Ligand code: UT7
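Just one chain follows, in the form predicted alone, and it is written as structure tokens.
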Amino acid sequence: MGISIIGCGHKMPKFVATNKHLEEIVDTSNEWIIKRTGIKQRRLITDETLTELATQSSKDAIDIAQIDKQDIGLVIAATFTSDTSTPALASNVQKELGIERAIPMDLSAGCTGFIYALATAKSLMESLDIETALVIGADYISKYLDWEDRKTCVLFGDGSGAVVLKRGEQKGIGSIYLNGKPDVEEVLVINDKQATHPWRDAKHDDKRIHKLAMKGAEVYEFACGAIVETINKLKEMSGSQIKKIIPHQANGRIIRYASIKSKIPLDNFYINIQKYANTSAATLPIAIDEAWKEGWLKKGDQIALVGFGAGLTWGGMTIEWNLPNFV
């Protein structure tokens, strides 16, 4: 028995913010952004909600899977930017889809969130005897960006992707590697606003930055090490040659570094960062869906998903792709 991806989908905001748009608001240039990151544009939420994007990507995945939505027993959303602090994004999607009974939960692990969510879903499906699960990766990062900080606002975008998992005879998800370490230097953080009440001294709250703050050089060094470590661990654990990799889309230079260090040709890494920038937990499910629909991902492929992000967190998994070739 195994657990396979039997459906996938993604949904992006309508508004396309090009590098030219950013030239109008911060001191940067299209050439600089492309050279340093590989990003040409990104999608930003304007009149949509994250719940709407997550619901539509889930509907598309369910349609591809050709299942009754009422058969879904588990909904996990990897996100840290839900429209509501409570209920969870997973609960909001369950409501919008009309799934009468399921276990809904959100999981927050930064840009590694979708990897963690897939691993969690697999474990719960096995331990709780759940046949079918919906796993979502969705983030609305633009609402946390400092649009006057040229070092960070050029890097991120919004979006959602989803997959349907099902237990069956095919292998599907194989080796899983997860890890994390304390972000002692706070290289990537968004401080939450503190609650106020009559007995709390809030005089220092103004010093807290409530927008995304990142130490770029430190994050780059961590990411390069994490992606290579994960690829090597998955090679070791699976005992097989990994030929295709779908990595977290954070920076084109990080992916090129991973290609060189792992001695896997760059053409074997799926890359779409040029279109969407870094959408955090959404990058992997978006890339999975596009890679399949573009014909890059084919039935029988042995692939690796690799993620890394705030926390600091990182990890990956091998997957045997069982969906028929997209026509």
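Small disclaimer: the values here were computed from a predicted structure and weren't measured. For every residue, the number given is its place in the sequence shown, counted from 1.
Not on display, but discussed next: the form predicted in complex with the named molecule.
*Asks:* Looking at L89, L118, C111, L134, which is the one with a non-hydrogen atom within 4.5 Å of the named molecule in the predicted complex?
*Replies:* By the 4.5 Å criterion, the partner-contacting residue is C111.
*Asks:* Would you mind picking the one in V219, M105, V189, M125 that has a heavy atom within 4.5 Å of the named molecule in the predicted complex?
*Replies:* It is V219.
*Asks:* Taking any heavy atom pair closer than or equal to 4.5 Å as contact, tell me whether K233 reaches the named molecule in the predicted complex.
*Replies:* Contact with the named molecule, no.
*Asks:* Does K143 reach the named molecule in the predicted complex if we count a contact as any heavy atom within 4.5 Å?
*Replies:* It does not: once the named molecule is placed as it appears in the predicted complex, K143 has no heavy atom within 4.5 Å of it.
*Asks:* Applying a 4.5 Å heavy atom distance criterion, does K244 contact the named molecule in the predicted complex?
*Replies:* No, K244 is distant from the partner.
*Asks:* Are any of the heavy atoms in R36 no more than 4.5 Å from a heavy atom of the named molecule in the predicted complex?
*Replies:* Because a heavy atom of R36 falls inside 4.5 Å of the named molecule in the predicted complex, the answer is yes.
*Asks:* Mind checking whether each of I130, V164 and R167 has a heavy atom within 4.5 Å of the named molecule in the predicted complex?
*Replies:* Not one of the three qualifies.
*Asks:* Out of 81 to 89, 175 to 183, 97 to 105, 252 to 260, where are the residues with a heavy atom within 4.5 Å of the named molecule in the predicted complex?
*Replies:* Selected stretch: 252 to 260.
*Asks:* Suppose contact means any heavy atom within 4.5 Å; which members of 126 to 143 contact the named molecule in the predicted complex?
*Replies:* Residues within 4.5 Å: none in this stretch.
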